[in-house]
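Shown next as structure tokens: one chain only, the form predicted alone.
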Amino acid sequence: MVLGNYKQAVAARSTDPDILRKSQDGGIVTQLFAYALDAGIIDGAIVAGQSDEPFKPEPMVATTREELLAARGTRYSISPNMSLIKEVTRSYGLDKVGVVGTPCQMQALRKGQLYPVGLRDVADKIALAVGIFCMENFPYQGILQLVEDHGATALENVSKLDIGKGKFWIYTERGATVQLPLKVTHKYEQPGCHVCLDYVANLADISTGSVGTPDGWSTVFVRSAKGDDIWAKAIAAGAFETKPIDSVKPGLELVTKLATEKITKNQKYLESRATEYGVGKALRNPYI
């Protein structure tokens, strides 16, 4: 199933105006971690913070609401959040950790929990893993080239970047909007993204993304028993406004379409690489 296993799927957004003000869409990740922090479910969270360079993410450990708010919004260059997975427990001394990451990072997290080589006393301290939908990511230099060469503006002038409706969107501080067709962005993508077969972060406790819901809302998949418990408590606390996913447009049909496209495209790439290196049959069939 291209959407992975999940217990429920809903359209949701934060009920906190401060969180929504600068969030990418429905503010799901920030609100979820803020609730979990207030409720004592986590002591802190590994998030993609802002570095000294505009739109260049830097992994950070947020232990306060203010730090979570400072990390709001999507940055389309990879943030190596997993690099802090040992430090968060050993240097920061956290016992209940939240982590947000892309599908590949969720895979790395779960592998680390299953085979904790070098991660002694870390695996059981992951209290909440939140995944974000991802079709592909960009090296920071790629973002710089897209904005400056194709968007004809300096990255320092940009207030928000977004991908949606078949476009790469650049919003400037002065209110201008630049739309780039996604075919322009393809050559700037991380090569490693082309071997990934997961669009919706199947291995997260809760995964979320903007696809499938109207502007200002997010699609949320509640996947694990732990995620289901935390989500139910957050709803009971009034942290989120929700709607049935089948009551909004474009709904799960679009999420399924994009997830299928990613898997199909990247499976072909994997097979071409396997054939090129003479191990095609073994890679195509994991049981051989």
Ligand SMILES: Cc1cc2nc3c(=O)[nH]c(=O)nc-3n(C[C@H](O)[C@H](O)[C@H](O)COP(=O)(O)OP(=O)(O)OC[C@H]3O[C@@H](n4cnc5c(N)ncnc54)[C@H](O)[C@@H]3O)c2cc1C
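Please read all numbers here as calculations on a predicted model, not as lab measurements. In this text, residue numbers run from 1 along the sequence as written.
From this point on, the text means the form predicted together with the named molecule, which you will not see here.
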Just one stretch in 119 to 127, 74 to 82, 146 to 154, 173 to 181 has heavy atoms within 4.5 Å of the named molecule in the predicted bound form, so which one is it?
74 to 82
Any of the heavy atoms of V88 lying within 4.5 Å of the named molecule in the predicted bound form?
no
Whether V100 contacts the named molecule in the predicted bound form should be assessed with a 4.5 Å heavy atom distance threshold; does it?
yes
Under a 4.5 Å heavy atom criterion, is A48 part of the interface with the named molecule in the predicted bound form?
yes
Looking in the predicted bound form, any heavy atom of I132 within 4.5 Å of the named molecule?
yes
Taking Y6, D205 and T242 together, does each of them reach the named molecule in the predicted bound form with some heavy atom inside 4.5 Å?
no
Residues from 4 to 42 in contact with the named molecule (non-hydrogen atom within 4.5 Å) in the predicted bound form
S23, Q24, D25, G26, G27, I28, V29, T30
